[in-house]
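Next up: just one chain, as structure tokens, the form predicted alone.
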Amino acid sequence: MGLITSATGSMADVPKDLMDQITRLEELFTVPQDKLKQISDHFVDELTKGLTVEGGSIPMNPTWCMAFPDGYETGTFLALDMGGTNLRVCEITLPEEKGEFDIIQSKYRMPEELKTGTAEELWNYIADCLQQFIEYHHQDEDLDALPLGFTFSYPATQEYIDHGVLQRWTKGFDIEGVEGKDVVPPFEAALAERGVPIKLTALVNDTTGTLIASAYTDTEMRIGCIFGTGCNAAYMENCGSIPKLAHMNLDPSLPMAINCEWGAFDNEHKVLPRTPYDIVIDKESPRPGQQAFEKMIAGLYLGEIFRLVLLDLHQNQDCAIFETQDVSKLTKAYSLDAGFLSFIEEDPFENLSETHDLFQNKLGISCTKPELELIRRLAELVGTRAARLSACGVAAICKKKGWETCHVGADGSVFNKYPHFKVRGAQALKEILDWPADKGKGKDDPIEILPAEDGSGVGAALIAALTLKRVQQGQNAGIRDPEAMLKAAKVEVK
């Protein structure tokens, strides 16, 4: 199978009851080649279905970003990234040199009380931060309106690139009177009130930003992915393959970036190999029956799957684990994160002493050597399954588009920090796509997943640049107010 197994430790000293449990867990969490292929084929069908008028579980949102950068874009653009903890403002200058950029940025704390305050307070605070940024970096300058790409990483529907209706708040926000409404007019009103010389040009999803920023520096990029607390992907479709846009009579060969929102794949539970632990996670989550794929692969859930298994083993009559230990800390939901699993997988010592100390310090549990062996194997199983299932989504987009070779730009804490995630994903791609024996190592593969460029900063600014470029060329599809955009930027249309 070519699965990565533990480089350290030996199972020889593990008693039979624990060995039986390890074998059971291996059967539960291992995703064999034929299953990977079945998932990927169903994934292709679901991506296609999401683009139809009827739709499916995967939203497949058109973003109205309708071109890849060619690397020769020039000008100064702003990006605003509204995350859960910080507000980041970037000014990106695109020089004459192909694929280059200069960036200055500032971070502002997002006050907790703002997240449950009023809409007016939110937009005023953001406008104040932008005003501060402009005054600091452009003191006494007479500025034309700077085009802004606003990374708004909350589920939103967009009929135009310069507008977006918030579907629902996530990341701890719960501000009344914003859901179901266009977020752009109140934001622009707050800027106008202060006379801040900024024109919102594009409302951007971070995954689409990741795709565009990565494509700016690498022309082989075709897909942008996030493997972090959540998961998502974006890729460039041709308008002729998007039946739900047929009424707009767009040129079928025109490109359109699609924000898949693929965490919702297989909400119907047709193909994903869910374990009893995955079922518990779904049942006890705030939105049962939603985000089925995300709940098996995203960082938010990996530690919780791991915790549920250990607790179940402790309560299991068939094996003895953590006997006479106080497991009260292990009973707290979501107390372990993906970083906890990363640490276990990175333990370099044969006796797993770092894992022993981690359990002692974080959970107050003193583990025996056989228990540590089981813990290490379980972390590997949960982490490997996440990487292999993630690869099914990447393979599905490539199969749908007929891409045999391309680069994929990936971002997010799981991709960047989780050990072996990349090479396990590459091995899965090899199995799904039947690559030759010498491929699937994670380097120089036909389809290679690489660290992405900064999507929410550089990507958002580039999408603002591409949108302006499109308006200058008179291509106004999906742009609500092209005249205002041109006027604000004082651009003479050539």
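If you superpose the two forms and keep the largest set of C-alpha atoms that fall within 1.5 Å, you have the rigid core. As the structure is a computational prediction, the values presented were derived from the model and not from experiment. Numbers for residues come from their place in the sequence shown, where the first is 1.
Although it is not shown, the form predicted in complex with a small molecule is what the next lines describe.
In the predicted bound form, no heavy atom of Thr384 sits within 4.5 Å of the small molecule. Contact check for Ile226: a non-hydrogen atom falls within 4.5 Å of the small molecule in the predicted bound form. Using a 4.5 angstroms threshold between heavy atoms, Asn232 counts as touching the small molecule in the predicted bound form. Within 4.5 Å of any heavy atom of the small molecule in the predicted bound form lies no heavy atom of Thr355.
Only one of 153-161, 138-146, 398-406, 319-327 places residue heavy atoms within 4.5 angstroms of the small molecule in the predicted bound form, namely 153-161. Just one of Thr170, Thr217, Thr76, Asn238 comes within 4.5 Å of the small molecule in the predicted bound form, counting any heavy atom, and that one is Thr170. Residue in contact with the small molecule in the predicted bound form (any heavy atom within 4.5 Å), chosen from Glu188, Asp266, Asp282, Glu261: Glu261.
Once the rigid core is used as the reference frame, the Cα position of Asn267 differs between this form and the one not shown by less than 2 Å. With the core superposed, Gly364 shows a C-alpha displacement below 2 Å between this form and the one not shown.
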